[in-house]
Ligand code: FAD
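Only one chain comes next, encoded as structure tokens, the form predicted on its own.
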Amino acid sequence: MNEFYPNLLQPLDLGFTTLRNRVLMGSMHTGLEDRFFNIERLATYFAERARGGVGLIITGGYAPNRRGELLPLGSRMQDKATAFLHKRVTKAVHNEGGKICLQLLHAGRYGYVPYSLSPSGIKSPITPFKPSKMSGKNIKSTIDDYAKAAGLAKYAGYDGVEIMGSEGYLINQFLCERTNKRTDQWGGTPEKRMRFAIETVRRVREEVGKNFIIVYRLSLMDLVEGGQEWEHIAVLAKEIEAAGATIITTGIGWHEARIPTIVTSVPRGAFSFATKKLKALVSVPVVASNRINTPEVAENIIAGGDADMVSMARPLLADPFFVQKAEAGRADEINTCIACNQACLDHTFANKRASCLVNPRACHEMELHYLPTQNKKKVAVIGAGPAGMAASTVAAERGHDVTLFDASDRIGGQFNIAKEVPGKEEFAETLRYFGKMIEKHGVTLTLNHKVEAQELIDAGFDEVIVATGITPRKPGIEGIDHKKVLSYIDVMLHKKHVGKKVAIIGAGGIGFDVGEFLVHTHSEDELAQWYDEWGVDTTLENRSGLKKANVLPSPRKVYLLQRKETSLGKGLGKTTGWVHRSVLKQKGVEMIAGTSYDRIDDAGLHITVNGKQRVLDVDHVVLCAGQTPKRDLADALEAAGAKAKGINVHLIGGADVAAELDAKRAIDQGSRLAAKI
């Protein structure tokens, strides 16, 4: 029994096989699945997580047939040649002592293909094509295809399959009135709508035999109108167990749901209450999921009887050695997932290879190596923001002699602002991680010191990495120096007083962050407040887990303004932007596009919109109008002839490009540079 996390790290006996712990790596589509030439990258990616100690890995989704594809020529498990190729994946995982299941996912109406199928011909709001209604023959052949795909997975060496029955994909579409309007044997009543799911599990079990893991991913809360009732979910769970499922994993919400389920503002372990209710109904192991990102949260869920296992997907992108570190009592060294979605889901939905904002090696293990250096150098990194922290720690890990300078009294740069935004408190975990890595790898940290060019030259550094960040842009508006005007740094970092009526100039990511900071109402029970404000029914008495939202009023009247004519927040993350827009809309923020800023005076902010002048009677105007690279040190080094003296000078992060603050690019750029030095 592990002394640190005795429940989380306890083996799980499935009868015919044993999992080494209670950590399941949940399914994520990374983009490596879709092209055969990426099979070695995929194998290396999974092998690293198996080496890190994960109990059971679930792959990204593979369609059982062509019409179930997520995208044209997307991942499928339909023939023996493909299955043979997958032996490389399973062998790599097994060589590291791990176990792995192939996820079988039919996209249904979520397919980005013109030949998609669904129980009824109802278009999804998040995909461009209307699906064809499945015929009875289609349905039966699709069930057969699931069974065939499972058999091929077994041939490929997989330890099992996961049947994707949640998140609004095909099986989930059969289960709900929202998408199943049939009146035949596959629809019309809850029992008939369940038939497709149950028959699929039954046929798969027939195909693969007894000693093969079948995981079924059950939608516990659809969180959409026309979803399932809890009493029907309970019946389905028992039938799925009877049909041959070994484990039941849980899914929360459809992709089209308007309640966030995995973004950073969702409280940790927010949906384990639903898993606990399911666990009381079945005898097979039940897996909790969504926003479980630390071993402490995972341990508490299992110890409290909410689940038998926990599913962590993105946390194992962020740190493949999560389990190994927890086992050794080194949880403070875990690179914690901050649920930002910027490099994982946002990449996936843009048809790009997934990665991780805090771990650029994720899905790039074959290209990005932090190998020990054969040529130790003296390296200076100036600026302890995301780019500088990444560059200094990777360089030091490789064996270079690194000194990290910052004029501030703490590391973190703009992350110290981000962590103040309600719902972005997780960003503090990244600062904790980098702080530990600075200590572990022996980086010399020099704070409260504005380093000069000549000082760096005199110290004999071989490499100087300038990560000095940005300077907030000051727009040329009449009255810009008025006492009403504050910068976002004044508000978020220096905590200057902000009045009850506020105008925010600039509606990029920073403008939205400041808006959320200013409209948030703190309560004694933030978790209960989150459920209430988003309309999540924790009793599960209401259909789909929905209830009427009760949004606490904003303590301020806020205007969010931008010069562009486009909708505000259009440039925010693909999978998270809608959440930020919804929060400000719920709080009554007035969003104004196409704004000309005339002047700021005692009366407030004078603007012109669509040719009409208007005065916003505000107490303060907060500037979030962009930023410019801070390159004075780099310029001074060039002027002092650093290059001629044999010093290589590099610009990274905001000091390189400051069009929009981008921690994903900054950490990636800093890591890749340090890997090459």
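Position 1 is the first residue in the sequence shown; the rest follow in order. As the structure is a computational prediction, the values presented were derived from the model and not from experiment.
Although not depicted, the form predicted in complex with this ligand is the subject of the following passage.
Of the candidate stretches 602-610, 232-240, 129-137, 380-388, only 380-388 has residues with heavy atoms within 4.5 Å of this ligand in the predicted complex. None of Leu170, Ala467, Ala288, Val161 but one reaches within 4.5 angstroms of this ligand in the predicted complex through a heavy atom, and that residue is Ala467. Only one of Val536, Ala107, Leu357, Met309 lies close to this ligand in the predicted complex, with a heavy atom inside 4.5 Å, and it is Leu357. Contact check for Gln342, Ala407 and Lys664: all three have a heavy atom within 4.5 Å of this ligand in the predicted complex. Among residues of the shown chain, Tyr216 is not one whose heavy atoms approach this ligand to within 4.5 Å in the predicted complex. Asp222 falls outside the set of residues with a heavy atom inside 4.5 Å of this ligand in the predicted complex. Among residues of the shown chain, Gly413 is one whose heavy atoms approach this ligand to within 4.5 Å in the predicted complex. Put simply, Arg361 is far from this ligand in the predicted complex: not one heavy atom of it is within 4.5 Å.
Contacts to this ligand in the predicted complex (heavy atom within 4.5 Å) from stretch 477-502: Tyr488, Met492.
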